[in-house]
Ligand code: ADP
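Before any questions on how it binds or moves, here is one chain, the form predicted on its own, in structure tokens.
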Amino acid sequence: MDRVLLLLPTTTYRTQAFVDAASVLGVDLVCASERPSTFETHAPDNLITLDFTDPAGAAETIARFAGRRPIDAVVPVDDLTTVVAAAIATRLGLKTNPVAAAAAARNKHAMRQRLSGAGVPVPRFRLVSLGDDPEATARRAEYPCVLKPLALSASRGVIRADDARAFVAAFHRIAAILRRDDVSVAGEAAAALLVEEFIPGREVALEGLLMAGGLQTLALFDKPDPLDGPFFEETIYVTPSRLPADLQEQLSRVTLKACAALGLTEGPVHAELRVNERGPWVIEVAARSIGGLCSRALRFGTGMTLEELILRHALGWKIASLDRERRPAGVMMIPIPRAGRLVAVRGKEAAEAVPGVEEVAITAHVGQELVPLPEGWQYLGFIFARGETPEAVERALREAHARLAFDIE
């Protein structure tokens, strides 16, 4: 039986999807997390604790583990584990991205440097130390601009500034976010932020799979809601994209160019791009698959999930088809409207009764303290829909969301 090492941060939404995929494929699963599991002593062959901030140490730990239980593939599920996964797979001699490439994709400044150097269209950018005088820095900035942390994901800490006053406020706000107890960053990522040009236009997300340096576009998602700031909370994703075919080809080509510039060659990638009259712009490329529960919107071949596809690729198994099902599909990440404690959720049954809606998954629990963007990163839940057209999918998602009510105090 082939054995996969799955790197699962305790904060991930993705655990169940990958565990289910491994069960379907008949794969032996070893799950590693950064915190000990209460079941670890009872299942030492399948549960292990790793320090995700120490790639070399984690690689050595797994090398010893693999001496008695060989590992056939290593799969990271979130941004926190892409670098350590590359280090482990390299140590074991398995198919993987170079460690330096995974590290560059994790650091927004390093990513911008590589992409810009390779001629990939990206916003103008500069690194700003948190030790600098924000007011002096604001006077030198061009507006509108976007300030962002170097290593956080899900738009956490990303803030648009239209003038010097907003710049200074965003600077201090991001610095405070980086000091939060639930943020774990070190080195440059803890001491600096990125300031970059705001790129207007429509935003899309490309879900892809790299195989020996080639890119297979699995899905291109439209984001119909404008993402103009001051915060950049994503809500609706719909595929297939309604953009012209030639523009979709351009987006795939520029994403491949970005992956090559970073040195990424294997495994899933999730790219965020913008499109305007000057063409496509690469905002970000992550060396992992789509986050949250959003992968439930995707099916391939004869019903294969994205997680099954990722495991098959990692193991070198045959993949019968990389084609997404033809029926339009979408997901809405339900935003947190305000901070407070969740008291009740109402309207779930009514939302699921909307034609085209397949599921309303509420992931926040009653009693949970909710933290909206830019300090937070989670969602209240996810709505999934399918329909005959992308427009019908979008309408179903919006109507279902309108039927939900969240009591927050």
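One-based numbering along the sequence shown. Note that this is a predicted model, so its numbers are computed, not measured.
Heads up, the form predicted in complex with adenosine-5'-diphosphate isn't pictured, but that's what we're talking about next.
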ask   = Picking from 258-266, 177-185, 141-149, 163-171, which part of the chain touches adenosine-5'-diphosphate in the predicted bound form when contact means heavy atoms within 4.5 Å?
value = 141-149
request  = Indicate whether the candidate residues Arg296, Glu358 and Arg398 are all in contact with adenosine-5'-diphosphate in the predicted bound form, with contact defined as any heavy atom within 4.5 Å.
outcome  = no
inquiry  = Even though the partner isn't displayed, in the predicted bound form is Phe300 close enough to adenosine-5'-diphosphate, meaning a heavy atom within 4.5 Å?
reply    = no
task = Check whether Arg274 has any heavy atom within 4.5 Å of a heavy atom of adenosine-5'-diphosphate in the predicted bound form, and answer yes or no.
result = yes
task = Report yes if any heavy atom of Glu284 sits within 4.5 Å of a heavy atom of adenosine-5'-diphosphate in the predicted bound form; otherwise report no.
result = yes
query = Taking heavy atoms only, is Pro328 within 4.5 angstroms of adenosine-5'-diphosphate in the predicted bound form?
reply = no
request  = Please pick, from Asp72, Asp222, Asp78, Glu197, the one residue with any non-hydrogen atom lying within 4.5 angstroms of adenosine-5'-diphosphate in the predicted bound form.
outcome  = Glu197
key: Proximity to adenosine-5'-diphosphate in the predicted bound form, single hit among Val158, Leu215, Ala87, Val120 (heavy atom within 4.5 Å)   = Val158
task = Sequence order please: the residues of 104-121 with a heavy atom within 4.5 Å of adenosine-5'-diphosphate in the predicted bound form.
result = Lys108
